[in-house]
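Presented below, as C-alpha cells, is a lone chain in the form predicted on its own.
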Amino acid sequence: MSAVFPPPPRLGHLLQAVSRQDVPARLGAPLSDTERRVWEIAFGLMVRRRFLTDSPLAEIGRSVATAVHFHAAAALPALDAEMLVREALGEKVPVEDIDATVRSGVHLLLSASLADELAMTDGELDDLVKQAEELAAPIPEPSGEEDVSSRSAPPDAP
C-alpha cells in the first residue's frame, strides 16, 4: 500500500494505541469477525481485571461514564456500554440488540479507558492482548475419521 493509504493496524496494535492515547488516523470498526472476537475477549479480560462479579452498579456506572466522557467524539451509548460490562461479568442482560459497530466501539474504547484506570504498563497490556488473540484463535475440529495406521499395536503380554 502507498504512504497515503497505509494498511490498517492489527487489532492488538490498535487496542494498544488507543490505550496509550495514541489514536491512529484510521480508527474504525474491526475488519473481520476474528478481530471483533479478539476485541470482545480483550474487553472481557479487562473488565474482569477491573471489576468483581458483584461490583456495585454505581461503580460500573462511574467507570463507564468516565470512558464515555473521555471518548465523547465516539458518541458511545452509556447504557449499552454498561450492559456490555455487566455481560462480561457474567450477568444476563439484554445485549442482543446492540449494533455490532457499537459493540466494537465499546469494546475498544472502554478497554482503553479501563487500561488507564488500572494504570496498566505496556507489558501488561501487551500480555492481555496476546492472551485475547490466543483465546480467539479457532480450535481445529477433529476429523471424523481416525488414522488407524498411525496407532501402535499394544505390546504382547508375556
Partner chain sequence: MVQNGTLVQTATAAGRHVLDALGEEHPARSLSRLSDSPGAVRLLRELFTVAVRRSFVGRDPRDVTGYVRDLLEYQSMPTGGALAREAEAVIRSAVGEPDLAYRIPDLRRFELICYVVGDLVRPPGIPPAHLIDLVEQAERRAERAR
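Positions refer to the first chain, counted from 1. On a predicted model such as this, the values are computed, not experimentally measured, just so you know.
Another form, the form predicted in complex with its partner chain, is not on view; read the next lines as being about it.
- request: Select, from the options 123-131, 110-118, 97-105, 34-42, the stretch whose residues sit within 4.5 angstroms of its partner chain in the model of the complex by heavy atom distance.
  value: Partner-contacting stretch among the options: 97-105.
message: With a cut-off of 4.5 Å between heavy atoms, is residue 55 one of the residues that contacts its partner chain in the model of the complex?
response: Yes, residue 55 is a contact residue.
Residue contact check: residue 73 to its partner chain in the model of the complex, 4.5 Å heavy atom: No - in the model of the complex, heavy atoms of residue 73 and its partner chain never come within 4.5 Å of each other.
field: Stretch 82-101 - residues with a heavy atom within 4.5 Å of its partner chain in the model of the complex
entry: Stretch hits, in order: 82, 83, 86, 91, 92, 93, 94, 95, 96, 97, 98.
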